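Next up: just one chain, as structure tokens, the form predicted alone.
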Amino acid sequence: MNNQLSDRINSLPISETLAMAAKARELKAQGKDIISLSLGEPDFNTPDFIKEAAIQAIHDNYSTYSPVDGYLDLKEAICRKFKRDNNLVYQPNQVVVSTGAKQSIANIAMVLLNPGDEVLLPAPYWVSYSAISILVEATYKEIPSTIETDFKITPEQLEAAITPKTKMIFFNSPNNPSGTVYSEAEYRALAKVLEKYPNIYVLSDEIYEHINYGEPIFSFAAIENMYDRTITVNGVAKAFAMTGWRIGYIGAPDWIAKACNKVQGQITSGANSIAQRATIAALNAPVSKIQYMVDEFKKRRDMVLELLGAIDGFKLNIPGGAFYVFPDISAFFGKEIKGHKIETADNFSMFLLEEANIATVTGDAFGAPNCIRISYAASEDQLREAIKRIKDALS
């Protein structure tokens, strides 16, 4: 039978992060000693106080459909969290709880973007931003940056990228894959450009906000004249080690929240009821309850930067947040190492997998073709062994 799949799905790329994780699992199943540094997933267990709230929710029989946009008391907890952590005032009718922040982003794209609308993606960017843009038949334009600029774009670059078709821009700070954190001053400078274009909306993805190493985190919606044009996306996956619980949420102008509720009602309905009850406990707790994870991530970051910095050809910046390093490895392009011709980051990433048994993700997936992403959400022993293997493979 001929391929009858839609053009939409045929044009959709696979997730490079998930593809590399699947490849690593496949090689492990074959008996190879693979160290996977490809997935963006904390290696901690969900804190006990959150698990206990979930167990209590089971005993309390939270086993029926929740409201599509989430339980009211969860949305109230989210509003308190926004005020406490971000100085943002949202009402419950401006909040929609979804099955992960990825669904939150897809909802926003579906309700705001028409075929042919343009989305600006400061690069590097999370792989799903471009894929979701394709899925809703919008186009996307990358705004490039380099390790020399700490992977940040300038107001001049933003101004030059805007066209009459531009409808949205996606910001992500702390950033996946680079760990870059935009300061308040840098965000305000970019907002000055956007002030001139009132029909452009901002999606601010703040999923890594609590995993930061001393740099103040500033929410784009806290800029006074950007509040009504910004959708703030967050969730509990990263900071609370709750990736499998699948809870994300947005704070948005009420008309956008209402539209997201409408589309979600036709796709998934409400998010998992037990996970929602657990999320109330997570968000009501002081941020200090998860500081032990952040402290450990910082320790690993410093160790990884020191060890990678001793390998010739790795160019590094100092990530201000998240749990990734994003080295520029273009110094290896044009070389042949142990029979492997290295022309691209793809080649380099596959070389590390085949020769060092280390799974990373090519920077091509993130709009940064000179880099690879290395996750340090792994144990100190695994990280030391992984970087030793990388050094040995390149020597």
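The first residue of the sequence shown is number 1, and the count goes up from there. Keep in mind that what you see is a predicted model, and the values were worked out from it rather than measured.
Heads up, the form predicted in complex with a small molecule isn't pictured, but that's what we're talking about next.
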Inset, instruction - Using heavy atoms only and a 4.5 Å cut-off, determine which of Thr279, Asn176, Asn107, Asn234 is in contact with the small molecule in the predicted bound form. - result: Asn176
Inset, instruction - With the small molecule left out of view, choose which of Pro47, Gly40, Gly367, Pro327 has a non-hydrogen atom within 4.5 angstroms of it in the predicted bound form. - result: Gly40
Legend entry - Tyr249: touches the small molecule in the predicted bound form, heavy atom cutoff 4.5 angstroms: no
Legend entry - Ala222: touches the small molecule in the predicted bound form, heavy atom cutoff 4.5 angstroms: no
Legend entry - Partner proximity in the predicted bound form: Val127 to the small molecule, non-hydrogen atom cutoff 4.5 Å: yes
Legend entry - Contact of Arg229 with the small molecule in the predicted bound form (heavy atom, 4.5 Å): no
Legend entry - Candidate spot Asn86, Lys192 and Phe218, all three touching the small molecule in the predicted bound form (heavy atom, 4.5 Å): no
Legend entry - Candidate stretches 31 to 39, 49 to 57, 333 to 341, 349 to 357 - the one whose heavy atoms come within 4.5 Å of the small molecule in the predicted bound form: 31 to 39
